[in-house]
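Quick heads-up: it's one chain on its own, the form predicted alone, in structure tokens.
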């Protein structure tokens, strides 16, 4: 019989404000002790403290293996700076970075920036797809061996291995190349919440990991099949898309609901382990993205209770086998699409 597909687990460690570095370090380390694939950090415009990308860059040196995936809103952020920030996180974490693409359709958030009219959901997600596309181009704009650091000649880079991207989007254009060398992973992992129909095509085109909310395993399987079919229609390998079910969890000691209610689960860590095992064994999803209602207590209950129970059943890893987030997710490191072409002139 073929070996079962690996189970992937991730967790949210709390939204803004992000100014309590010690708390974020503790939560990330708790997730790492549980050997989770990655943690996410939610974000929003207008709050105090650093953004999620900056906050996870700050704690990256305090962790060793856990993947770090901040929410990055593309609507009001220059695409060139988005990709540079995510690439920098990949360097700081030594290959453990991802980014969770998000959009802003709020008039109040638009007023904070004051750059243009408020975008509707469809336009905002279409633009987010363009940002994801140009980010990959810019990450590839430095070949892996572009840095030569030749002190005898004073040459830092081989100009033949830097490339213009000449990208023209609906509302922006970028010449390139990037100002950051190619990330350790080649492409940091792109995560898209595909729960809403309006974001589903962006996920199918650009996501390495798609998140979805479902009430039953059957619903999750149907949504996943739709995403994979869309990915194939865009010329992608549908098997390279990881699909995780997002569950908001309250890990108390009370009885669990018979099924998640709109993406919410209430019950004990052992009961959550039963649900995860059941959904994964049926092939509904590749794993789960858990959002504890109270991260400071719920995350530890998840890693020390649910994850431990899954490990006892032989369903989850007992050690990290890789050092990068793409490795945890069993995603190949992509080659630079510019590697065989001429450099900048």
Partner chain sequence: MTAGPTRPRKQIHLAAHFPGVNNTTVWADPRSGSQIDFASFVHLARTAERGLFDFFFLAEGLRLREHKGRVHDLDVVGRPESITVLNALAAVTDRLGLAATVNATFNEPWELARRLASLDLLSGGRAAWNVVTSSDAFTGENFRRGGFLDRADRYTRAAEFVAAARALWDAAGEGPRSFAWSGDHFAIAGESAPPRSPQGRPVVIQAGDSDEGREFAASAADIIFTRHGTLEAGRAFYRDVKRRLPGYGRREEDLKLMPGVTVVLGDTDADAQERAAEIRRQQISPQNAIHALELVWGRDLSAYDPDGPLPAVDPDPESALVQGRVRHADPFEAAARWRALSEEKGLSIRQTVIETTSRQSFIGTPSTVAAAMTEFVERDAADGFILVPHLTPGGLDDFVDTVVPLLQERGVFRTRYTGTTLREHLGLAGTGVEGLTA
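Predicted model, so just to flag it, every value in this text is computed and none were measured. Between two forms, the rigid core is defined as the largest C-alpha subset superposing within 1.5 Å. Positions refer to the first chain, counted from 1.
Keep in mind that the form predicted together with the partner chain is not shown, yet the notes after this line are about it.
Trainee: Answer for residue 235 alone: is it within 4.5 Å of the partner chain in the model of the complex, judged on heavy atom distances?
Mentor: Answer no; every heavy atom of residue 235 is more than 4.5 Å from the partner chain in the model of the complex.
Trainee: Under a 4.5 Å heavy atom criterion, is residue 19 part of the interface with the partner chain in the model of the complex?
Mentor: So residue 19 counts as contacting the partner chain.
Trainee: So in the model of the complex, does any heavy atom of residue 178 sit within 4.5 Å of the partner chain?
Mentor: Residue 178 belongs to the contact set for the partner chain.
Trainee: Find out whether any non-hydrogen atom of residue 147 is located within 4.5 angstroms of the partner chain in the model of the complex, and reply yes or no.
Mentor: Residue 147: yes, in contact with the partner chain in the model of the complex.
Trainee: Can you check 310-318, 296-304, 277-285, 52-60 and let me know which stretch has heavy atoms within 4.5 Å of the partner chain in the model of the complex?
Mentor: Flagged stretch: 52-60.
Trainee: Can you pick the one in 85, 263, 267, 186 that has a heavy atom within 4.5 Å of the partner chain in the model of the complex?
Mentor: Selected option: 85.
Trainee: Which residue, 196, 225, 113, 122, is the contact with the partner chain in the model of the complex, using a 4.5 Å heavy atom cutoff?
Mentor: Comparing distances to the partner chain in the model of the complex, the residue within 4.5 Å is 113.
Trainee: Counting only non-hydrogen atoms and a 4.5 Å cut-off, give the residues of 156-190 close to the partner chain in the model of the complex.
Mentor: The stretch 156-190, when checked against the partner chain in the model of the complex, contributes 156, 157, 159, 160, 162, 164, 171, 172, 173, 174, 175, 176, 177, 178, 179, 180, 181 at the 4.5 Å heavy-atom cut-off.
Trainee: After the core is overlaid between the shown form and the other one, has the C-alpha of residue 19 moved by 2 angstroms or more?
Mentor: Residue 19 C-alpha, core-superposed: shift of 2 Å or more.
Trainee: Are residue 17 and residue 77 closer or farther apart at the Cα level in the model of the complex than shown, by 3 Å or more?
Mentor: Between the C-alphas of residue 77 and residue 17, the gap widens in the model of the complex (3 Å or more compared with this form).
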